[in-house]
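In the structure tokens that follow, a single protein chain appears in two forms: structure 1, then structure 2.
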Structure 1
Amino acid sequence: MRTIRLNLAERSYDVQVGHGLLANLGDHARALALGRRVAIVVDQAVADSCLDPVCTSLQAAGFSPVVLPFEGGDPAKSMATAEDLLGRLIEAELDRRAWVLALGGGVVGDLGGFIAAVYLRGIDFVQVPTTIVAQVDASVGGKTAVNHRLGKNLVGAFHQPRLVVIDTDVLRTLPRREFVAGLAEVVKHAAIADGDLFTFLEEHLEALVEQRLAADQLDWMIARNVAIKAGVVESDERESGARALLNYGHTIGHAIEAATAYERYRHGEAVILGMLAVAELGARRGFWSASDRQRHDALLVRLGVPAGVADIAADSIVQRTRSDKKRVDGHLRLVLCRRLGEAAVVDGIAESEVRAAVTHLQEHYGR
């Protein structure tokens, strides 16, 4: 087992990464002196594959779990679901000592974290992420949120977990499409912060996607990603500076998601498209070498470029980058790679540059 410590003063916590960790979850929770009663927030698919070992481990360690299942899926990450779950906490008469265990992907983590942040003005919570997205990204950093009908993730709070337990065994049941979409965030981390991780992905991508990688290598890879995310979060807990680097590929990716009403692409798939587009933008600015750019694009192609981006009107993508929070004075702020493993936040990107990058994406990767 590998442990990555997030140093955030009194909000510090450990992220444990390994295989077979669910069996010891109860012991780790007991070591933190968490209250006896725990509400497990879980979606239906994850309940089927992971709930039994979690409950068994918690009960063996003396905890009394209440299970709060909900349907799952991004539309369920809503105020309505949060209200329903909060109602179930109240009905179960959970007090301030109780804690929330979020068992699932990013939807469960964001929702579970959100209700933990607001229930009785905040109770403890523990994350047990079960998708790649949640293991390498959503479970680390304390951002919790629900969607509002006027926009995604608009209502939320920073609420750090007390512990994150990442059991890589649970990924075995993850559908391939989710797996690949999650790996987009892994490529992102490698591109912005870790040239060695990038090389590892070049060597092992197919084995990874086909779930043939040795357990220890998978653990290493997930732990590397947690460490990258943790490092960025430590330097900028509330996202005022360095954390922006994590938006690599995301401004154009988000615009593509929005332009397709969040229906066509998984978030990670849109990020693959976003990274391909900003790679072109960076190349046009002379930001990085042709060989690094070529390796970057080649890895993404091997991961799988989702089809259909040429069908979207370029304008509707470009316009949507305008509403991005990262816009300053009519110009856009984007994250660009300088080389594989190093990126920078760049201000003053003109809309014409974004348009050229989107057009390039559509011409080269459109079908």
Structure 2
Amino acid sequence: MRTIRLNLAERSYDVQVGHGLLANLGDHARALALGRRVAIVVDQAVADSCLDPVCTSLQAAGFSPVVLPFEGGDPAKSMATAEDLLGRLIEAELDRRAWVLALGGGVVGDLGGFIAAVYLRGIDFVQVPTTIVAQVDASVGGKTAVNHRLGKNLVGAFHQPRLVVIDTDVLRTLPRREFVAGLAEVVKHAAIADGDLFTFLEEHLEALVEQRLAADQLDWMIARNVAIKAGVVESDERESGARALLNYGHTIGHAIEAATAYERYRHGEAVILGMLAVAELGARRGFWSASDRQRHDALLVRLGVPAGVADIAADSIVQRTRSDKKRVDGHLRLVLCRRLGEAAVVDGIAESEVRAAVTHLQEHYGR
């Protein structure tokens, strides 16, 4: 097992990464002196595969779990779902010593963290992410949110977990599409912060996608991504500066999700499209070499570019970027790669530049 420590003063916590960790989850929770009652927020698909060992471990450690299942998927990451879950917490008479365990992907983690942040003005929570995107990104850093009809993640709070437990064995049960979509966040981390990780992905991508990567290698890759995310969060917990680097590909990706009512693409699939778009924008601004750009785009093509972006009106995508939280004085702030493994936040991106990048995306990857 690998342990990555997030040093955030009184909000510090460990992220534990390894295979076979679910069986000891209760012991790790007990070591934190958490309250006896725990609300498990879980979507139905994850409940079918992971809930039993989690409940067994918690009960063996003396905890009393209350299971709060809900219908998963990004459309469920809403105020309506949050209100329903909060109502069930109230009906279960959970007090301030109780805590929330978010068991599932990024949607579950965001929802579980959000209700923990606002219930009784804030209770403890633990993340147990079960998808790649949740393990390497969403579960680490304390950003919780729900979507609004006008944009993604516009209603939320910073609320750090007490612990994150990442069992890489659960990744081997994921459908291929979900697995590939999650790897978009791994490519993102490599592109902005770790050229060696990017090379590792170039060398092992097919083995990774086909679930042939050795357990220790998979643990290393997930832990390396967590360490990248942790380092950025430590330097900028509330996204006032350096943490914005983690939004590489996300502004346009989020806009594509919103323009398709969050129903056509997985989050990671939209991020793949977003990274291809900002790669073009960066090239137009002379930000990186042609060879680095070619390697970047080639890896994403090998990973799998989702179809259908040409069917979305470019103006609809551009319009949705106006709701981005990082917009300043009518212009966007976008993350652009300087070279593989290094990126920068660039202010003053005009809508005309975004439109040109989206048009390029549609013309070259719009099938």
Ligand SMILES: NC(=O)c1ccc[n+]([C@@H]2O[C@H](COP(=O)([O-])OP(=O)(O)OC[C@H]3O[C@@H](n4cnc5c(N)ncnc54)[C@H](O)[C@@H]3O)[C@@H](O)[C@H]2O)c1
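Just so we're on the same page, residue numbers count up from 1 along structure 1's sequence. In this text, all values refer to a predicted model and were calculated from it rather than measured experimentally. For the two forms, the rigid core is made up of the largest set of C-alpha atoms that agree within 1.5 Å on superposition.
The form predicted alone corresponds to structure 2; structure 1 is the other form. The Cα position of Ala290 differs by 2 Å or more between structures 1 and 2 after fitting on the rigid core. With a cut-off of 2 Å and the rigid core superposed, Arg355 has a Cα displacement that reaches or exceeds the cut-off between structures 1 and 2. Once the rigid core is overlaid between structures 1 and 2, Leu201 does not reach a Cα shift of 2 Å, moving by less than that. For Ala279, the CA shift between structures 1 and 2 after superposing the rigid core equals 2.5 Å.
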